[in-house]
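Just the one chain here, laid out as structure tokens, in the form predicted on its own.
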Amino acid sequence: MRHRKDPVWVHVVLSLAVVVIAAPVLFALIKATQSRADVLSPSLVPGTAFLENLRIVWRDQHLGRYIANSLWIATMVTVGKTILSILAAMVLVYFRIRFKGMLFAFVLFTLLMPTEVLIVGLFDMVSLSPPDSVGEFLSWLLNPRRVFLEPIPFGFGWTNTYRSVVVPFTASATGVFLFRQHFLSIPRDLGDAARIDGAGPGNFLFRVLVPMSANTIGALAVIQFVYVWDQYLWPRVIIRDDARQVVQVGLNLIIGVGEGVYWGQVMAGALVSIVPPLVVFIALQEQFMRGFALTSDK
């Protein structure tokens, strides 16, 4: 049976949509190849200075260091979020606990509170010094007026460390939601059969749930890796040492270096900075699409 060809106008519209969507990347690519004398001109003719711009921004402006920092932070947050989300979803689905529905509703409620809303309280919690002794902490804890009416006087003392940008983001309401919905689609008979065979929660998790959740794990990994990779505000606030900064803040630092802005180098750095999340998306594209497929065999 011969397939019916799509009308020509469909291909024209799709081609125009691709050009419009890709226009900023194409513009950045062209400007990244131009010299400093040509980059501010309206010319869209590709130049020959791409390798030179990339060499300067990578070596002299330390873009490689910023990318390495972001790779480490994004990987740690993605792994931590995945593990905690699987464990939390397993408890909400397979364990008998009181107020399970209220706990899940509270988890979803955190989605309505972006980082920008919590940034002041989160900054205090992360940056303030910890109590000098257990007695000092207990004296504060046993004083209801101070606990409920005054700002918390203690923190973790993690300013200017990678822990300050990793630990606060290892909990994920999105991940808990995804894994909970996925676990609910798995027949409960598997859990009953595992218990009859003498498998504990750990064996059931690693031998049954995790192998059956590969697509959901891939989908969450893509979402969280890109989310952490694009973070700017929180790392900018909590990290003071430029050598520890993430790539988004690093690109901003590159713009502020020197008397003028070398836009060719900035564009070259911006293009290189999108490579790691693009590689992650391409590597997990199949799992990402299947993870969100609302099918009965998910």
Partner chain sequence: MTYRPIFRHPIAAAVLLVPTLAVLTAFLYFPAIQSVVLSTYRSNLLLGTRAFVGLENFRAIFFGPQAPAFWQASIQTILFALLVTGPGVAVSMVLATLAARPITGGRFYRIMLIWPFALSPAIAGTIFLFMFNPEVGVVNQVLSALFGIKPRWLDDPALAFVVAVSAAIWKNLGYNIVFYLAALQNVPPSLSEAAEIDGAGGIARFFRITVPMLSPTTFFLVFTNLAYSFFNVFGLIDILTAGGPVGGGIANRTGVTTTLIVKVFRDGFGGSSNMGLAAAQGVVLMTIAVLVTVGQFRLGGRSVHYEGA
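C-alpha atoms forming the largest set that superposes within 1.5 Å between two forms make up the rigid core. Everything quoted here is computed from the prediction, not taken from an experiment. Residue numbers count along the first chain shown, from 1.
Quick note: we don't show the form predicted in complex with its partner chain, though the next part is all about it.
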Heavy atom of R240 within 4.5 Å of its partner chain in the predicted complex: yes
is_contact(I56, its partner chain) in the predicted complex, heavy atom dist at most 4.5 Å: no
Its partner chain contact at N215 in the predicted complex, heavy atom, 4.5 Å: no
Distance check, D132 to its partner chain in the predicted complex, heavy atom within 4.5 Å: no
Contact check for S15, Y94 and V222 against its partner chain in the predicted complex, heavy atom at 4.5 Å: yes
Option touching its partner chain, based on a heavy atom within 4.5 Å in the predicted complex, out of G200, P211, G157, G101: G200
Is_shifted I83 between this form and the one not shown (CA, 2 Å cut-off, rigid core): no
Rigid-core frame, C-alpha of S185, shift of 2 angstroms or more between this form and the one not shown: no
Rigid core superposition, N203 Cα moves 2 angstroms or more between this form and the one not shown: no
